[in-house]
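Next comes just one chain, in structure tokens: the form predicted on its own.
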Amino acid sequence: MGVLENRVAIVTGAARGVGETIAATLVREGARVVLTDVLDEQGVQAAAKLGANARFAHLDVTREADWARVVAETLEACGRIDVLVHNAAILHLGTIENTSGETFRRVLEVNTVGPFLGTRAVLPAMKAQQKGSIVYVSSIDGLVGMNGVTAYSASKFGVRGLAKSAALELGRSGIRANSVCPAGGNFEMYGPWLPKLAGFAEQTAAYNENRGIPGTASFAAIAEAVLFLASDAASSITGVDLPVDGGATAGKFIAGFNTL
């Protein structure tokens, strides 16, 4: 019997990558899962692969009407909503000078406003059942700043703040709110910047290697962290940031010092 048996979950940005893996992990553990995304064809295919306990719904996280529809459809089909995973996000790489106000606002709309709207949308159902878990997928860039990712970093710091405030507001209604902060994610997000990033291969490799466990977090590792926070194993955990970063935020690894 899975740890999410008889639970119902909504996962945003679930048509591919981390979101698809999160959805598959929740289904594996017994949940009925609604995969949502703006990528309809990929989302339908992802849900079909997961079988009878998965279905797809189109969702633009920045649109309140979309949220209202998805929540209503989920309640009609499943009767409850136990877990909401805010995974949908967009990436922008660029310095402050090279990032327009319009671009900055768009990143915030998807990455921070979207989770806010989704949290609002599921509250009536979760409050009525006096139980729920909301997991916000933030980032290592939401724990520490880095040059060249200002818009994305600001949005992911905002997600963490939203999670902490939600934890305090909603705990007495039986609703937990936590964030997962991975060092790693969907490779497709980097697509527009790959030609430029190719010129920084050495620096990028060094960044990923300079941590306790070298490299980036796998999709599966991120999904397992989400599963933990969604499950009753974390029943007394709320308002926390769970880094899935190989120790990157623990400090700096100096290779030569291993010989001291």
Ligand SMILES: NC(=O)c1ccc[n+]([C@@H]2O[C@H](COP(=O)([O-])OP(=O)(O)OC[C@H]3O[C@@H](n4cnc5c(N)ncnc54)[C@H](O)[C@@H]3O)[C@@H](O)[C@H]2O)c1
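Computed from a predicted structure; not experimentally measured. Note that residue numbering begins at 1 and tracks the sequence as displayed.
The same protein also has a form predicted in complex with the named molecule, omitted here; what follows describes it.
Interface stretch in the model of the complex with the named molecule - options 116-124, 170-178, 149-157, 95-103, non-hydrogen atom within 4.5 Å: It is 149-157 that comes within 4.5 Å of the partner.
Answer with one of 218, 62, 45, 231: the residue that has a non-hydrogen atom within 4.5 Å of the named molecule in the model of the complex. Flagged contact: 62.
Of the options 88, 143, 107, 81, which one has a non-hydrogen atom that comes within 4.5 Å of the named molecule in the model of the complex? Filtering the options by heavy-atom distance leaves 88.
Quick check on residue 135: any heavy atom within 4.5 Å of the named molecule in the model of the complex? Output for residue 135 is no: heavy atoms all beyond 4.5 Å of the named molecule.
Taking the named molecule as it sits in the model of the complex, is residue 17 near enough to touch it, meaning that at least one heavy atom pair lies within 4.5 angstroms? Contact with the named molecule, yes.
Is there a non-hydrogen atom of residue 38 within 4.5 angstroms of a non-hydrogen atom of the named molecule in the model of the complex? Yes, residue 38 is a contact residue.
Contact flag, residue 186 vs the named molecule in the model of the complex, heavy atom cut 4.5 Å: Contact with the named molecule, yes.
Even though the chain is shown alone, can you say which residues of 236-260 have a heavy atom within 4.5 Å of the named molecule in the model of the complex? Heavy-atom contacts to the named molecule in the model of the complex: nothing from 236-260.
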